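This document opens with one chain alone, in structure tokens, the form predicted alone.
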Amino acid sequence: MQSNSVSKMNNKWIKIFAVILISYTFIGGMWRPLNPGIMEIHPEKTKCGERIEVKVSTYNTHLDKGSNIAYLYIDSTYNIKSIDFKATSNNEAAITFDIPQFLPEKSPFINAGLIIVNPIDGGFARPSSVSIAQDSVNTLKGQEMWKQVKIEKFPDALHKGFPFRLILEETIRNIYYHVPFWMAMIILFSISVFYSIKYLFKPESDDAYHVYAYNRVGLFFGLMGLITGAIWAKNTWGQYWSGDIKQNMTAIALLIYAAYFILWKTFKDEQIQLRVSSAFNIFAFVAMIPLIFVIPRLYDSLHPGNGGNPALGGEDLDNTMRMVFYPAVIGYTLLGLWLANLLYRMNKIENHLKQ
């Protein structure tokens, strides 16, 4: 009796924490704005010795509410300062630069980044913004000309937001849903494998029903991960399904898990049903590892973390995002455990009524 009370209390706290963390994910993930960023620049090409007016379009900035300074930079040593900055709106400006007659390198052209600084937004940059070509080379003079201005320490922005990343922009918030769905799926599938192994060593129907429950919820989370990933791909890659190796391998892994449920309904003999489906579940999990984590890394892929395309690092998944991301992973995992427990109990009741 005491054990049942403790179990009910534990389930109660799982539900409470799941609701709190998922609510926090939705509110926190949508409430905080993005940091300022540079979206478009025109023109993107110029030559040494020319005066150029660069028209920029920014995001979530306050260009018309304070003094602005802009820099074209090659690296931390070589940069030039704007000679004029005209803000035409809070997110648009025309910036004038006098490009030195020579570049600080022998290369026929260099891609310079653009930095904009103001007291409200702090400093924000876009690498490789303007391509600068040179007809003649004088490295020493070029180094001297590009060293005349030293970039001072940027002021901090008045409000700290989520990182602004070109192309991703507002869709970066999908990381609070897409990735936690996958992580929760993997945890649920891992638990189902534990019960499969346990059942095969010592057959008990309860363990097999646990396998079924965790797999069913895990597959649902996997499908949600696939759907949120397709929506993200549409906004960043241009189409819902591009045949990317990560998309294809993930779909195959989920189809293998879907076959588990076909096996579950195939056999009329319950003992054979539970034994075969438990054994197949181990195969499905073993197959999932190379399909999702190994094969995509061996081929070119648009997906972060695969095919040489770096995953979100410290500058992307910064501390402001971690404050939402990790609670999201925990919250969706607890939700999965809660749903799996409900499904397990429903199956037990259904099985009891059949007897």
Partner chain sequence: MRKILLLVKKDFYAEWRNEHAISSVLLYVFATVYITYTAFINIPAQTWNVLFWIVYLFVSVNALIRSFDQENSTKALYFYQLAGPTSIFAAKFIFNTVLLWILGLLTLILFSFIAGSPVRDYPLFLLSIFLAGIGFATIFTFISAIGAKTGNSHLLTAILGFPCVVPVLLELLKLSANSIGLLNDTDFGTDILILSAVNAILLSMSFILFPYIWRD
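Residue numbers count along the first chain shown, from 1. Predicted model, so just to flag it, every value in this text is computed and none were measured.
One more form of this protein, predicted together with the partner chain, exists but is not displayed; see below.
For a residue to qualify, one of its non-hydrogen atoms must sit within 4.5 Å of the partner chain in the model of the complex; all three of Leu263, Thr266 and Ile282 qualify. Contact with the partner chain in the model of the complex, defined as any heavy atom within 4.5 Å, is confined among 56-64, 38-46, 292-300, 324-332 to 292-300. For the options Val137, Leu168, Ala230, Leu200, the residue carrying a heavy atom within 4.5 angstroms of the partner chain in the model of the complex is Leu200. Residue Ala259 is the only one of Val149, Met183, Ala259, Ile74 with a heavy atom lying within 4.5 Å of the partner chain in the model of the complex. Using a 4.5 angstroms limit between non-hydrogen atoms, Arg275 touches the partner chain in the model of the complex. Although the partner is absent here, Ala287 is a contact residue: one of its heavy atoms lies within 4.5 angstroms of the partner chain in the model of the complex. The closest non-hydrogen atom of Met224 lies beyond 4.5 Å of the partner chain in the model of the complex.
In the model of the complex, the partner chain sits within 4.5 Å of a heavy atom belonging to Ile252.
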